[in-house]
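The form predicted alone is given below as one chain in structure tokens.
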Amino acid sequence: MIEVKQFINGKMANAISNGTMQLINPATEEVIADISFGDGDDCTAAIDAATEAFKTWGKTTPYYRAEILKKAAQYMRDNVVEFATDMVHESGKPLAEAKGEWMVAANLFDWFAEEGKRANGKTIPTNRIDKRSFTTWQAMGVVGVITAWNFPAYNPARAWAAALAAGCTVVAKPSENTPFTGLHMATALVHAGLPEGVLNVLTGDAASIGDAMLKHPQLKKISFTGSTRVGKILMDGASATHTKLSLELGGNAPVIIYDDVDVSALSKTAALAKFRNNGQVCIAPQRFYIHENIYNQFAELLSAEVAKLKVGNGFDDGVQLGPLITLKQKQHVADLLQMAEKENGQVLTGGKMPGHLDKGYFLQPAVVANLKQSSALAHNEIFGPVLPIFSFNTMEEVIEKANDTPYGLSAYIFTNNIKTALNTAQQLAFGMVGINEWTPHGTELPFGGFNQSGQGHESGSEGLYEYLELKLVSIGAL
């Protein structure tokens, strides 16, 4: 049994209320830790510490900050086995995926270490000979970062690294389902020389902590990764306090597959892409629209590939899918499958508890066919191991179906016709579109969505400017 505390002003501490909660391993259903369960009082203390720390951190140079971020990145790489092992215990994902996620997190710290040096202002020619004007970027101040459990290293890394590189101080609230990873990342920064109070990490009640962030006058912005429902709550609260927001919310990504593709090859990559992290990915390919000329062939080959995927404990050799994060999440996915069957959807493979497992929040990955556009699987974010397939005939038809969602995060197109690809991409109302690839994102690329999938961007140079304010300085009477 491990005791997990909060990290405030450079020290590990219990919640002010001494509240705790149990952390469950989703693969074994065993209690693996008691974690401090804080609330708004802990958040207020953390913001106060970050406010004091900003007085000096905000005046440091981007070169000084870069050295700390780079050292933290190297510490993550040096300790990747230990950090990834703990991630498997708390999230259930396969060990190889956990290691890979930590390496991406380290890359994000390296990226923003360098990008922070490039927050360039500009001199602007004016319409008067006695006037000179220029712009400069400066750190916002204290920012709150609330992140989800599905990528417990990647999600905080892209926000923490950008905010710290910009010169902000951070009050972070990782998911209570994955507290180990956030605290390991804080440890890396401490070993790299991060001053006290610059980063504070809370575990506890999300609603209470979020409310305290919104109400505290010194907290200038909240970066949130999570559900659209909670994003709307934050937007409502921010309207009263003028707190700025970056929101990375839900997704319902369409996959459009035209009839000129290599069906056999694509069925193999589709099975791997859809079920990465057990489908618990905001940009996971979700609604598969298959041209009617290849629909039956694709369904057959895809189902065979999905049936081969190995489900089990993330530490076991060859495992490709671990458990869902909680019993509640497993039930959510099971309920959607049940609804699809009532709508005459045909489960071609999977959807049940694997026969070789008697504990854990596992589901065998499922493929569901014979679905209509009105299906629950077309309009709900699944966030689990279910792959629904639909048929289409024309480009106009499939674009209408693909855009039939309040979300707009990512979309995917597969075709060997460049004209078809570009015409389709242009008409899709999504912030990221992958053409003949499953990863339309990267450390150096802006990550963001349209409509109810959020606002603002993470990663890329755009991710840095989310934590900077633009200031105009104008000099007259020269």
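It should be emphasised that the depicted structure is a prediction, and the values quoted were computed from it without experimental measurement. In case it trips you up, residue 1 is the first one in the sequence shown, and so on.
Below: the form predicted together with a small molecule, not depicted.
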Exercise. Which one, 351, 384, 360, 226, lies within 4.5 Å of the small molecule in the predicted bound form by heavy atoms?
Worked result: 226
For this session: Name the residue from 254, 94, 251, 174 that puts a heavy atom within 4.5 Å of the small molecule in the predicted bound form.
Result: 174
For this session: Pick the stretch from 97-105, 145-153, 82-90, 117-125 whose residues have a heavy atom within 4.5 Å of the small molecule in the predicted bound form.
Result: 145-153
Exercise. Just to confirm, residue 139 within 4.5 Å of the small molecule in the predicted bound form by heavy atoms?
Worked result: no
Exercise. Does residue 301 reach the small molecule in the predicted bound form if we count a contact as any heavy atom within 4.5 Å?
Worked result: no
For this session: Could you confirm whether residue 294 comes within 4.5 Å of the small molecule in the predicted bound form, counting heavy atoms only?
Result: no
Exercise. Can any non-hydrogen atom of residue 207 be found within 4.5 angstroms of the small molecule in the predicted bound form?
Worked result: yes
